[in-house]
Ligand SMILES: Cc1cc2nc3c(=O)[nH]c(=O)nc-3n(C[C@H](O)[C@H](O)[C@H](O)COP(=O)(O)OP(=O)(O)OC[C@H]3O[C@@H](n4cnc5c(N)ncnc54)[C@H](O)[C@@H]3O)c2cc1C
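Just the one chain here, laid out as structure tokens, in the form predicted alone.
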Amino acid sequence: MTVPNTHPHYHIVGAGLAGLSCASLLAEQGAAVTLYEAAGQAGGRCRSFTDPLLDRLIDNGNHLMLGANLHAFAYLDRIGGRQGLIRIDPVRLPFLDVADGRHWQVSPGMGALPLWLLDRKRRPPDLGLLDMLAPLRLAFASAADRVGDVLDMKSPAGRALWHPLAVSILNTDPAEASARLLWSVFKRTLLRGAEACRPYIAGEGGLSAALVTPALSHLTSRDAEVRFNHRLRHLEIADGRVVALGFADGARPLGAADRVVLAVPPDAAVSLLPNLAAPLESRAILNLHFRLPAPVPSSLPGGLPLVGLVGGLAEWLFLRGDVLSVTISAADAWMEETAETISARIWAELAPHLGRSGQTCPPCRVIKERRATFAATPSMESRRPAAKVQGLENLWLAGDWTQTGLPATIEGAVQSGHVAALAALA
């Protein structure tokens, strides 16, 4: 039965970035908030932990944020987490071809206009202006077009730049990935100049120190309630609204003015709302964390703590002290391989470029995210739901898999939380 009340209480289910951003914005507005999380910690797919094998703090996945991520930085500034990120300066994205050892960098220029494309020194070698302008064709792609239909991934430009960027942004093979989704990122970054492309990576405290721990402190300081180990099992619905939340320890009745935001993965949302259309097809990500005998020297191509990889098995390499982390996107084919096989293959590929040819593979933690993101295909894009759940007046959705106009990214997750919060407030 609905409990009478006049002041709404906001119930946010899921403490990943979508839920944290939603709850923190509501709390900032003075709303009464309860945040529920099925696990024993917050952060979802974006969190840090101390690994016993490496005896180091690592992130469950490697994430790169860019200056164009306006919602993400608004969230960071609200919770006080921006200082947990390393700001890359000057703006450049170094790349290494692991097949032949060549390296180069993409250096966007200042200003909103992409005039930097005219400068040969700011683009990969052997690529002309027309090669760099090829992604403009994405702007005219239809909803059914795939990246591989629009951009030639086997061309020099495709191999050197567009393929590694596309697969890491979309976590889906370009041959099947949505051209429109890739354009949604390119138009916000490469065509907006240096500040929009500026990379930010996690600092010594990992992703949690920037994105998760400050958010929990922000919530508790505003009297929000956070309940871990609370998995929502069912929704009680009557008269076109959610009237109770069903947990293992019993149902929590809702007041007449209470509102609910489901910030859970798509499969969990569908289990609670069987008639919901959602992008249930997913793609995996593989992350490897090597603990090296000593930090990598500053002679790493580009001299930065990150490098894009071309011509090999992985897409990105990140450094934090003596821990080298590698990401393989669209990694479904790797999921049945053993950790020993995976780490040995990746180490053999990277060791020559780190000055460690012939050295034994160091201790490595392999993290498999089997359902890391929704598959960024045209068919799955068409199944992404809006924030408002039709037919239920007090229920909204949040998550990077909802209609954000972006792929499954930190920015998309945070944006979805903001959208749901503002809609629920209204």
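When you see a residue number, it is the position in the sequence shown, counting from 1. All values reported here derive from a predicted model rather than from experimental measurement.
A second form of this protein, the form predicted in complex with this ligand, is not displayed here; the remarks below concern that form.
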property	result
Candidate stretches 369-377, 23-31, 353-361, 384-392 - the one whose heavy atoms come within 4.5 Å of this ligand in the predicted complex	369-377
Residue 231 within 4.5 Å of this ligand in the predicted complex, heavy atoms	yes
Touches this ligand in the predicted complex: residue 58 (any heavy atom, 4.5 Å)	no
Contact test in the predicted complex: residue 287 vs this ligand, heavy atoms, 4.5 Å	yes
This ligand contact at residue 108 in the predicted complex, heavy atom, 4.5 Å	no
Check all three, 94, 199 and 317, heavy atom within 4.5 Å of this ligand in the predicted complex	no
Heavy atom contacts to this ligand in the predicted complex at 4.5 Å, residues of 118-138 in sequence order	none
